[in-house]
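Here's a solo chain for you in C-alpha cells, the form predicted on its own.
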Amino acid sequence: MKPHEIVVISGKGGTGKTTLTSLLVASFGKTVICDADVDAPDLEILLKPEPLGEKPFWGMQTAKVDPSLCAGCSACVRACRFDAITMAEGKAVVNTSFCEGCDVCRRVCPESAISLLDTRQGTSYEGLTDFGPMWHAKLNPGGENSGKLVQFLRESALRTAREKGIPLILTDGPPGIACPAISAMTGADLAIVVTEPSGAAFHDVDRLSQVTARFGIPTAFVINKADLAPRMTEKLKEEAKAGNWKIIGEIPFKRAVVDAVAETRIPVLELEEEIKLIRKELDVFL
C-alpha cells in the first residue's frame, strides 16, 4: 500500500512552515521525513539527523572550453543567447552560472574546442532521526534543476517508506509556487498551507489554493501567529469560508516558541494543545 504523504507549504518564507513540520513529525511519531526546501534547508537543525550517507546531485550539463583548442574566433560568443560566454585573452570562457547547456556553442565551434560536461549542483543526504528516516539536500548557491532534486528526495522518501513499512511521509516543501514547490506537492495526499494574518496572506492563500486545486491536491490551512493581528485573522477566516478553504488550526505567537527554535529544539511543550487540535483535524483527512 502506498504511504500517505503530507506536504507543508507556504506562500513565502518565514511563515513557520518548517517549525510546523517539525511539530507534526514529533506528533506523529515514526514517519519518513523529507526536507524538500533544497534552496534553504533547515529542518535538519531541529531534527538533528544522524548521517547515513550522501550523494552528489548532478544537474544539467554546462559547456566547457578547452583553451588549447580554442582559436579565439568568438563564434560561440555570438551564438550564445544567454551571454554565458565571453572572450578573455583571446580565448572563450564559459560562465557556468549563466550556461543553460543548450549545446549551440559546441555545434558552432569550428575547432571542436567545446564540450558539455555534467555539473554538480548540490548534495543529497540520507539520515536517521529520533522520529524516523530523513532525506534532505543542499543545492549549491545558484544551482539549477532544484525541481529535479526535489523529485529525487521525494522518490527516495517513498522508497524508504515502502521498504520499512512506514505509512506516512512528512515533507517540508519550498515556499511559493515555482518549479521546486510544484515538484514537492504534485501527487501528495494533502497539502498544508501555513500563512500569517497579513495583507499579503490573502494573495498567497489564493494563489496556492489555485495551484493545489489544479493538481487535485486536498488542501488545509494553518494560521500562524494568529493572535498578532486578530482582525486580519478573522478576515482570513471569512475568506476561507467563502472560498471553501479548510482551516485546521491557529497557532498563537509565543516568545517561548522563538526561544525553543533558537535553542535548535522542537517546541513540542510550548504548542502541545495547538498541535493536538491540528492532529485531530488531520486524522479526518488521513
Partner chain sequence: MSPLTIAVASGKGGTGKSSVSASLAVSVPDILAVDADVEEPNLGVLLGAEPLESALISLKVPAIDRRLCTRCGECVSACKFGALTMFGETPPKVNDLCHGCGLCTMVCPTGAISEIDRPIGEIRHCKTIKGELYEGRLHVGKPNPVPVIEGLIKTVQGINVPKVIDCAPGNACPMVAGVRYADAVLLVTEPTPFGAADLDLALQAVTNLGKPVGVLVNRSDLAAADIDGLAAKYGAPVLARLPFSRKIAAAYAEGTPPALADSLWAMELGKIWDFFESTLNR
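In this text, all values refer to a predicted model and were calculated from it rather than measured experimentally. Numbering follows the first chain given and starts at 1.
Absent from the display: the form predicted in complex with the partner chain. The rest refers to it.
*Which of 23-31, 243-251, 257-265, 65-73 sits within 4.5 Å of the partner chain in the predicted complex, heavy atom basis*: Partner-contacting stretch among the options: 257-265.
_Please tell me whether the candidate spot formed by 144, 208 and 231 is one where all three residues come within 4.5 Å of the partner chain in the predicted complex (heavy atoms)._
Judged in the predicted complex, 144, 208 and 231 all sit within 4.5 Å of the partner chain.
*asked:* Which residue, 166, 158, 190, 102, is the contact with the partner chain in the predicted complex, using a 4.5 Å heavy atom cutoff?
replied: Contact residue from the list: 102.
*Heavy atom to heavy atom, is residue 197 within 4.5 Å of the partner chain in the predicted complex?*
Residue 197: contacts the partner chain in the predicted complex.
*residue 175: heavy atom within 4.5 Å of the partner chain in the predicted complex?*
Yes, residue 175 sits close enough to the partner chain in the predicted complex that at least one of its heavy atoms falls within 4.5 Å.
*May I ask you to state whether residue 227 is within 4.5 Å of the partner chain in the predicted complex, using heavy atom distances?*
So residue 227 counts as contacting the partner chain.
*At the 4.5 Å heavy atom threshold, is residue 49 in contact with the partner chain in the predicted complex?*
No - in the predicted complex, heavy atoms of residue 49 and the partner chain never come within 4.5 Å of each other.
_Within 4.5 Å of the partner chain in the predicted complex, counting any non-hydrogen atom, which residues from 36-57 show up?_
Result: 39, 40, 41, 42, 45, 46.
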